[in-house]
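Presented as structure tokens, the chain that follows is alone, the form predicted on its own.
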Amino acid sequence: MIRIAQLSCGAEYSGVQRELEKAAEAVGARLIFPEVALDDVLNVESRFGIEVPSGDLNLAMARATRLVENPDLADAVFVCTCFRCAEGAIVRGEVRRFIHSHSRLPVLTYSFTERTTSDTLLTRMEALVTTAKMKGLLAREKQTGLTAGIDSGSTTTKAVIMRDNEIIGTGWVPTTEVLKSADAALEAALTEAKVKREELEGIGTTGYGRFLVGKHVNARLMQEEITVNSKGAVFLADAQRGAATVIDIGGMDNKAISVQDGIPGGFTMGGICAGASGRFLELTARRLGVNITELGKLALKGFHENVTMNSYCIVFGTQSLVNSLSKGSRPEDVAMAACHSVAEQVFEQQLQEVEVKQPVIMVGGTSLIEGLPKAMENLLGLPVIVPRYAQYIGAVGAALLVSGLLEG
């Protein structure tokens, strides 16, 4: 059983502790709490260089020190604090950086509310367990044989066919009925690849519908998006060795993943509001009267500084959008302001929770909206890579990883 060291503050008072335990149990893991001495807690401020009044936060830092000194105590680390606590956010970041700097333990950071449920935590816990348990598979650099990957996402369903490390077929359809969309995407990919379904040696699935689709197609691999997407991203960007940062802004949530040699070392997913998702960009495109595929090119001609855009709420963001257009703002400026607004929230929320190292790889369907990678480049002050087939990263990662299971 995978041992996940929990470093937290407030989980037991908010009622979230039981939800954490249920999520861990569901993925075959056990939460542990490293023992520390009183002196370790009292002296932790000098070790971290920060002073906080909370005893629980000091205890979390002391436990982080214990893990670094004795990494065999746990297989992975889960750091969580209350969403409303500014001190908790600071300590969460410091603990994450400390563990990353002094160990190879995979780390997940999370800010919870009293309404956090085990279902919300499940994908995150699953990714943490997979990273700890399947490092050999995740370090795999090549795909062999003839395999398929299906990514059943919240807004679109993607499929790829791979043969001996090359993508030979792709399929992309809107997600309506989950199984019908999966069949349609797979059929499109098979047609392009000129391959029959019965010729496939294995299928891997990922995304929100991975279990339902996986049973439907008799998949050998049904895996959460964090590990699969990071694997697909570094494969497509030819960045499987060394450090990399993966940013995936989806239709419903966002993912930021710190990757080392193809293996996620730290990650976060979610967001405060849909204002930082592809949904907001779709809304912007409709309001501007352009196709979503045209929004990015329009944004590249504009300047976000000319438009005030709320970056934390899709409702207020939409209000800003309407107000700006009613005052005569150029569509180009509004388009770029929308892209900057989405990038800004991801930058201020997700990217503060991981170690940002080059290359920075942006993937997913939103990465094709050219204004969005440009806005992220401006915020990071670093170049952002958008690899070919960026919108298929989940399906690519699933096809690649399932080939490793077949060989194993």
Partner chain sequence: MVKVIVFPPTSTILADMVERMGHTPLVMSGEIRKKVNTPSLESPPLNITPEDPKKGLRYAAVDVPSGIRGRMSMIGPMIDEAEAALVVKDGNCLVGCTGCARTNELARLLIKVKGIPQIELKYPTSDAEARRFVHDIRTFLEGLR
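Numbering follows the first chain given and starts at 1. On a predicted model such as this, the values are computed, not experimentally measured, just so you know.
Below, we refer to the form predicted together with the partner chain, which is not included among the displayed structures.
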{"item": "Contact assignment for the partner chain in the predicted bound form, among A23, C9, A390, V384, heavy atom within 4.5 Å", "value": "C9"}
{"item": "Answer option from T191, T293, T113, T155, heavy atom within 4.5 Å of the partner chain in the predicted bound form", "value": "T113"}
{"item": "Segment assignment from 157-165, 330-338, 136-144, 85-93: heavy atom within 4.5 Å of the partner chain in the predicted bound form", "value": "85-93"}
{"item": "The partner chain contact at L42 in the predicted bound form, heavy atom, 4.5 Å", "value": "yes"}
{"item": "Proximity of G55 to the partner chain in the predicted bound form, heavy atoms at 4.5 Å", "value": "yes"}
{"item": "Heavy atom distance at most 4.5 Å to the partner chain in the predicted bound form, all of S14, R18 and L38", "value": "yes"}
